[in-house]
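Quick heads-up: it's one chain on its own, the form predicted on its own, in structure tokens.
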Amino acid sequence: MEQRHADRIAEQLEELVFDGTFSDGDRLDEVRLSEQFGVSRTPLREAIQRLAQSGLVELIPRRGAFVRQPGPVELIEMFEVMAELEAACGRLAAMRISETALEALRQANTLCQQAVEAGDTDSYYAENERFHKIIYRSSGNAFLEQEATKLHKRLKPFRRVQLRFRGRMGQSMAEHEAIVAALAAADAEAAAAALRTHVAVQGEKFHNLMASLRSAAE
């Protein structure tokens, strides 16, 4: 129950940062927030820790938790590394993935498609997260899986916000289909390229993300 509370609060805090309720440098008041969310301090602190892992909050000893919006250079560098980690996972998974894992990817895609049709970004992200974790695991490389998972967690709030851009869920869904097709065909280079394109923040995707962060900061 505490875990579910922490997940919910973390997502709501992300929303408050992205909609501008909390600005860069604002201190998160635990007492006020625990009253606002109607929870004890324990799940609230867990939620703040998750935001700290993603770099959206900075924890300063004896001072508290402060909102920290990464700059555009830092953000693009993290996404650049994430794209390469995912490409490496895809390349290895194309040679090692099991039929069971491929079927799990197809099931995740079915649920993603239902979320696209319903316009439900939260459900889409949940299945999208499962989709990517299956690929990390299917790389057959525990160290690579660990590093990809760690950076995925750090970028979670920014990956989530991208899904709200008009047409992005449908585009992401089409990219998922291309990824599964490459993995099923055991085409390592096609799988790597599809995942790299899927994750990389460039062109219009980058400008949209920067615009959303600027809006939150104003």
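C-alpha atoms forming the largest set that superposes within 1.5 Å between two forms make up the rigid core. We number the residues from 1 along the sequence you see. Keep in mind that what you see is a predicted model, and the values were worked out from it rather than measured.
Only in words, not in the display: the form predicted in complex with the DNA, which the text now covers.
With a 4.5 Å cutoff on heavy atoms, Arg45 counts as touching the DNA in the predicted bound form. The DNA in the predicted bound form is approached by Val39, whose closest heavy atom lies within 4.5 angstroms of it.
At a distance threshold of 4.5 angstroms between non-hydrogen atoms, Asp26 is out of contact with the DNA in the predicted bound form.
Contact annotation: Gly167 falls outside 4.5 Å of the DNA in the predicted bound form, judged by heavy atom distances. For the three residues Ala118, Pro157 and Val161, a heavy atom within 4.5 Å of the DNA turns up in the predicted bound form in no case. Look at 147-155, 188-196, 172-180, 28-36: in the predicted bound form, residues with non-hydrogen atoms within 4.5 angstroms of the DNA sit in 28-36. Contacts of stretch 43-68 with the DNA in the predicted bound form, defined by any heavy atom lying within 4.5 Å, are made by Pro43, Arg45, Glu46, Ile60, Pro61, Arg62, Arg63, Gly64, listed in sequence order. A movement of the C-alpha atom of Ala174 falling short of 2 angstroms is seen between this form and the one not shown when the two forms are aligned on their rigid core. Annotation for the pair Ala126/Gly38: C-alpha atoms recede from each other in the predicted bound form, by 3 Å or more compared with this form.
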